[in-house]
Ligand code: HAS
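Here we start with a single chain on its own, the form predicted alone, put down as structure tokens.
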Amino acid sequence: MIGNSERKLALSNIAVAYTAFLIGTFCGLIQVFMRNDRLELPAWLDYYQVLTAHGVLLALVYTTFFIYGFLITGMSKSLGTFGPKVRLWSWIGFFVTLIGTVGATIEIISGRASVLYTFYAPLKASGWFYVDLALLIIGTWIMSFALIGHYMQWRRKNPGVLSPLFAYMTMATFALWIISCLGVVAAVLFQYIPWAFGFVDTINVELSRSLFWYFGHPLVYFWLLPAYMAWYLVIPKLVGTKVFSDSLARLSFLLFILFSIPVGFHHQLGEPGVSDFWKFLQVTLTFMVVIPTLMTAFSLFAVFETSGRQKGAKGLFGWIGKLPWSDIRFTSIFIAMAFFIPGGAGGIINASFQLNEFIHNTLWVVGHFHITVGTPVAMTFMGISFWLIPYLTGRTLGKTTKKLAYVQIASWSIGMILMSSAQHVLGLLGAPRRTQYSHYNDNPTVLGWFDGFFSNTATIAIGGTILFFSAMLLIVIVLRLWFVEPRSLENDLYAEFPIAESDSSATPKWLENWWIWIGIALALIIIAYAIPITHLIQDAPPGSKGFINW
């Protein structure tokens, strides 16, 4: 078991995560009924406040706090109890992140920051909203560097020894996060804050968007890599075998660092100011991310088949029946992985120039976002919660709560299939995103979009309602695991931190030479961004004043 201070720190992060999850999913429920013209908000609240709160609280706050709760626990288990400095700075980072989160949420709910999740200029929020965003990022950096310090202490005490795979993957995740945050930090500190407080009159819109997407795309992998950690390390333990390949797992995480950051322009394919060459280069690097993704899929199916054969499976697919479907810890994550198949295919479409032109500003993108982040990532975090919270609270997953967990995972899957499918179909027909209204003043052609089962805002509302039910059921499960379930007994499977054995005896030492890999990552970033960013600064058109449309 981990130390008491680390336990409290991890639980504090998870508590904030699920508080944000509760508020964010409620905002999502409001949205789907407003899009379906079935709900009218009071005068002090509008659709764009709710949409901003939904995106920020779920996509940024829930994921970030849960990830740190998970990583703090795993780092303590794999490398040992934190020292006093690591504990102190981890707590400081937690509170700085919390202050930024609370402040940003207040600004959004008060109506001073209805700029949506991407906070695109020239829409202008309160200056304090951007200050709060900066605090949120700075707080995560403090926690990250505290855990990096814990890792470095372990390396000094174990010279020449490869670190445990969990710790290695955590360091890769932090490297990705810290490097990618440089873009949004630069935009917020040097563009948004001076502009929002009136120190300068205008903002370079294209530069601000480019710096955001330098951060915005690798942010997806900051969410995904902790989920991949569960896929690589937890799943083999649950099916009763080892990690398929220690070196393959480490290499895949390094490739995500290299190829997930210098790709932001594929979100800006339809925008002026960046030449086709630089867009083409970053689209090419975007497709390179397919390689570590397929490596991960290969490793996982190898684990499944190895486990099945060890249990006596026969035939080509006999191993499927040998998987532990009665273990909710496994089933929840397996379903999450299955959702990533159509989600990944949609990502290839989004990154393709011609196809992106067709779907970019439509509900397709919203559907894609939900079926990649809202299911593979979120459902993996749900599956982790079913054992992580008992591990931290010393309780167990009882029979009643286990049944509720199956209902919760099933309802989340059904709700997401309905809502995301309808969003994809409506997006293909042309229904816009980022707006409350999609009927184009009741144009007859547009009204024809909404006649089918999967081309109907009612289907989105039904799916959203099922998702909200599932979210509330998850909150009930979390509270039961926290306060109600009986204390765990010795060798309780549902109160362990399941990490599979990983044989690193044949793993090359150079895979953990961070100077090499961070150096290559920075070189790729400079190649992909230095010249176009220079052009965006030197050849910038007149800047834009701020607009407040709410």
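Numbers for residues come from their place in the sequence shown, where the first is 1. Predicted model only: the values in this text are computed from it and were never measured.
If you look for the form predicted together with the named molecule, you will not find it shown, but the lines that follow are about it.
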Original post:
Tell me, which of V86, I409, L224, L211 has a heavy atom within 4.5 angstroms of the named molecule in the model of the complex?
Top reply: L224
Original post:
Out of V220, L162, I203, V478, which one falls within 4.5 Å of the named molecule in the model of the complex, going by heavy atoms?
Top reply: V220
Subject >> Segment that reaches the named molecule in the model of the complex - one of 298-306, 188-196, 272-280, 467-475, heavy atoms within 4.5 Å >> reply: 298-306
Original post:
Quick one: does R434 come within 4.5 Å of the named molecule in the model of the complex, counting heavy atoms only?
Top reply: yes
Original post:
For I99, is any heavy atom within 4.5 Å of the named molecule in the model of the complex, or not?
Top reply: no
Original post:
Is V290 one of the residues lying within 4.5 Å of the named molecule in the model of the complex, judged by heavy atom distances?
Top reply: yes
Original post:
Contact between G347 and the named molecule in the model of the complex at 4.5 Å, heavy atoms?
Top reply: yes
**OP:** Within 4.5 Å of the named molecule in the model of the complex, which residues of 225-250 have a heavy atom? Give them in sequence order, or say none.
**Re:** Y228, W231
